[in-house]
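One chain comes next, on its own, written as structure tokens: the form predicted alone.
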């Protein structure tokens, strides 16, 4: 079974995307394998509303481990099975919390081993940012690494927010040639295109 890794900075919407994508594919409950940086793992079952309530939040680094869900994607000859894995948010600097540093190291380690990479960015934040560089250093490094690995796409999330369209255009100009899918993880917009990408790659 192939793995699709969802990666990006903290608070770009990775966890909500994974949960809502599972719901989009017809699931009303998800079984989540939670793998901690110390090697311990457990499995928890959530209803979709419960998963949104317990696994997502407004604060940075709500997710501090790998959270994997098995999904089935309709295909021409039946259904394709895959594992989609949510990850700890990356940073351009070194976090002072050792627990978060270990979680980020876990994310970077699995990045080297995964089959398909989905790289999520906040299109709204790109437009609002006053930084000299459009993306942070870690995002540029992910782009450079992932495009050499194989199947890779960028999800421009939060397209439901003001300024996101402008942010998307900035992103397309900054990264010509990259496959970018505009989405709203909150409202499940763009999920048809994500499903097609995952089906092709997995």
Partner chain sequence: MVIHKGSTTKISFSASKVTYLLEKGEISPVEALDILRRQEEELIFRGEEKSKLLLEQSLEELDALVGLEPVKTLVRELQAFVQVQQLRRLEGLLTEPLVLHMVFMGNPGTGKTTVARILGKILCEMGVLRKGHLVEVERADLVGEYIGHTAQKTREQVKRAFGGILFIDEAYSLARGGERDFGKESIDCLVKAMEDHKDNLILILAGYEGEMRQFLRTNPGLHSRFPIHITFPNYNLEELLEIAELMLRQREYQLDIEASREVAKILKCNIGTVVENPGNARLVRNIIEQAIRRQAVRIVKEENTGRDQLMTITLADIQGGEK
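Numbering follows the first chain given and starts at 1. In this text the structure is predicted, and so the values were computed from the model without any measurement.
Just so you know, the form predicted together with its partner chain exists too; it's not on screen, but the next bit is about it.
Asks: Looking at 30, 164, 55, 138 here, can you tell me which has any non-hydrogen atom within 4.5 angstroms of its partner chain in the predicted bound form?
Replies: Selected residue: 138.
Asks: So which stretch, 67 to 75, 120 to 128, 80 to 88, 105 to 113, is the one near its partner chain in the predicted bound form (non-hydrogen atoms, 4.5 Å)?
Replies: Comparing against its partner chain in the predicted bound form, the contact stretch is 105 to 113.
Asks: How about residue 143 - does it come within 4.5 Å of its partner chain in the predicted bound form, if we only consider non-hydrogen atoms?
Replies: Within the cut-off, so yes.
Asks: Considering non-hydrogen atoms and a 4.5 Å limit, does its partner chain approach residue 175 in the predicted bound form?
Replies: Yes - in the predicted bound form, heavy atoms of residue 175 and its partner chain come within 4.5 Å of each other.
Asks: Any of the heavy atoms of residue 148 lying within 4.5 Å of its partner chain in the predicted bound form?
Replies: Yes.
Asks: Could you run down 84 to 102 and flag each residue that has a heavy atom within 4.5 Å of its partner chain in the predicted bound form?
Replies: Sequence-ordered list: 91, 92, 93, 94, 98, 101, 102.
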